[in-house]
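Single chain ahead, by itself, as structure tokens, in the form predicted on its own.
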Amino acid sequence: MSNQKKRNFQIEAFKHRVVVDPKYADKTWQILERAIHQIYNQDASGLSFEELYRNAYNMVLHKFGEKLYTGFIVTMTAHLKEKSKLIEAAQGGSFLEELNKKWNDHNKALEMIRDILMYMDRTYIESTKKTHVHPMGLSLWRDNVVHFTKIHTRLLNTLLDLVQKERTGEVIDRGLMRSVIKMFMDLGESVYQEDFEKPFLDASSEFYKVESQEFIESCDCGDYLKKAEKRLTEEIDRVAHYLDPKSEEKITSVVEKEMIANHMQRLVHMDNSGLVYMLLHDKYEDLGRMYNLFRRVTNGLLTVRDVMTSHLREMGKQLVTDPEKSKDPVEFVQRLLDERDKYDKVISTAFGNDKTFQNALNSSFEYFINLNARSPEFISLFVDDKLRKGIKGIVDVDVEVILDKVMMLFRYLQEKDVFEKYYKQHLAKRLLSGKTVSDDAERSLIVKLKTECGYQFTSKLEGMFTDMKTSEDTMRGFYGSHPELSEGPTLIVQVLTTGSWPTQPAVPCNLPAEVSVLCEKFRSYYLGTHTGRRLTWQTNMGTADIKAVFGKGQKHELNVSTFQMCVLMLFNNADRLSYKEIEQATEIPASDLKRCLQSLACVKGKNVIKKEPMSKDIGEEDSFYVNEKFTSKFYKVKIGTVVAQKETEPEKQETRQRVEEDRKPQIEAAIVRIMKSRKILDHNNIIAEVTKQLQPRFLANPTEIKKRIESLIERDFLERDSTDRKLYRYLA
């Protein structure tokens, strides 16, 4: 087998020429044409699709592809022209149904014809770059049916009428609408857009223009917004049911433009229903609806925000500049907090916690809180009120919430150092009188202030707490070294570091002998254990508990100030004393003595002494004696000092002066820091940078900055440039 020779095979071309019947093409096409007619007449059950496919295949193979392609177009066109006449003849509601039926028939026929002509589709059409069978069938339907003059306008009007009917509340056949509009989409995006979508949007625009005008004339803002929201929802629903999803953005834009954008200003400013009305009457649902609708249009939220800001600033300005509302500091701050809570709720509930609205709220509060120069003092008084003992119904959690709210207002203050001054005074009074809710609450606020403003802001406040703790230890040491003092009056001394506490002028006062002896013993003990220190008694800041026996043996424990104690102790040795005698014996300054006597003799229920003549004011000719008939249902009776809660005008001036003095070194330090790093800087830039650097504590006055620059030049920290007087140089 291996010995056999290999043989090579060669295939040669067919020697004989195949002769094709000259009438082959016509005969074959007639078979195919007849088949197309039968398919369109829905009489295709007897057709052999395999035979028809072979006939079409052979025509292409024998180079009759052009004849086949042209014949298919001519035959289909003729059928579609007939169908367009049938559709045109349909009356009323049956017009769309007839169109839809003929469209479905055409699609089925087209599928069968495409299958028969598949070989032509793949070869002849591919090579000649002609339109494929299926797209050609759709184009012929478009040109001969949809664009047929007598159908085109009628079809569009019928569809738009149905949409109009649905908008006015009628029920339409959505399934039929979906089928007809899908026909446009199947014929191509451009057909859908030009023949339906564009006219639909134009008609919608006109419809909503008219409707919005009717609504705005007859509805209030809340109702109008409900109608606009309803229309938007309907259009989105319409798209979902029978339009191209891409139309959603376009139709919602039409509704937004006609119903919202074109009426924005009128809606927000509408009397008794616009944005301000909604804010004043807590219309959270309407506000939420306005926010959601206006955010859809250009500058919509900006319009809402501007109106809200303008209203907030006007309302806040009235609140802080009204003298009546400024009479009670606690009420003043509570109103601010209530407004802040209200608008926080509006922004979180209705405006989706929008940061831009939050920023607008913050800037508005910062604007109007600083219109009242006493805001820092009032906020401190509010804190004082909340942190004093005896506030009913306030638990630790509530105190913490209140402190957080206070910190929020504190952040708005431009003069934080003024707040610090007042806060230090009020804290000192609370600590020394033991009237604080809890050390934890006090420390919590100091931690918050420290986080906000840094250690420097709170170092002295923390020093006050340190002094209180150290004083407890000192008192234990004092009584430990003087066991003989366990009997008799008890002295509790708080030793305060001068730098940490608010400066108080030492007020003269002659203490009773029993107390004076104890004070001297404490002075000797303290100076013996601490070298290089000096003690000054601040009698005006002290309190005392004294036991008293009135007529009929009525016993009480009176909680009084040190001054009141000095006055009352005089009556142990005298039945009646004149004002002059009391003043001479105690040496208490006249203004303090009068307030002291007023609180002992003129306050109903607390009048442990009586005066002659009886009147509300203390005169220098008055005389005083013990009220033997004094009674109280409490054993312990607290007698306060008649004192204004707010500062007097001179005190205000003094506080302001102290603040201004304290600012000077801070401004100078900022100037030196800036110049040290910059070396050379012009006047305007120094002002800008100093203001920016000191902003967390206070708003520096440019005039004061200029004075501080002059002072630093005098002390050779800076010098002016020899050629440019507005340029400064740092001198190392």
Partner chain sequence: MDRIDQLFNQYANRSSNLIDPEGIEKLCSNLDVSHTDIRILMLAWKMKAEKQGYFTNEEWRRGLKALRADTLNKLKKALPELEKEVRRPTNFADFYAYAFNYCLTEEKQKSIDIETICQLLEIVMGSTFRAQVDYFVEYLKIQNDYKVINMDQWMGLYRFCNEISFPDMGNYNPELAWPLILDNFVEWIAEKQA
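Numbering follows the first chain given and starts at 1. Computed from a predicted structure; not experimentally measured.
Same protein, other form: the form predicted together with the partner chain, not shown, and the subject of what follows.
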Just to confirm, Ser677 within 4.5 Å of the partner chain in the predicted complex by heavy atoms?
no
For Asn684, is any heavy atom within 4.5 Å of the partner chain in the predicted complex, or not?
yes
Can any non-hydrogen atom of Arg729 be found within 4.5 angstroms of the partner chain in the predicted complex?
no
Determine whether any heavy atom of Lys706 comes within 4.5 Å of a heavy atom of the partner chain in the predicted complex, and answer yes or no.
yes
Given the stretches 698-706, 65-73, 23-31, 667-675, which is the single one in contact with the partner chain in the predicted complex, using a heavy atom cutoff of 4.5 Å?
698-706
Contact check, 330-366 vs the partner chain in the predicted complex, heavy atom within 4.5 Å, ordered by sequence, gives none
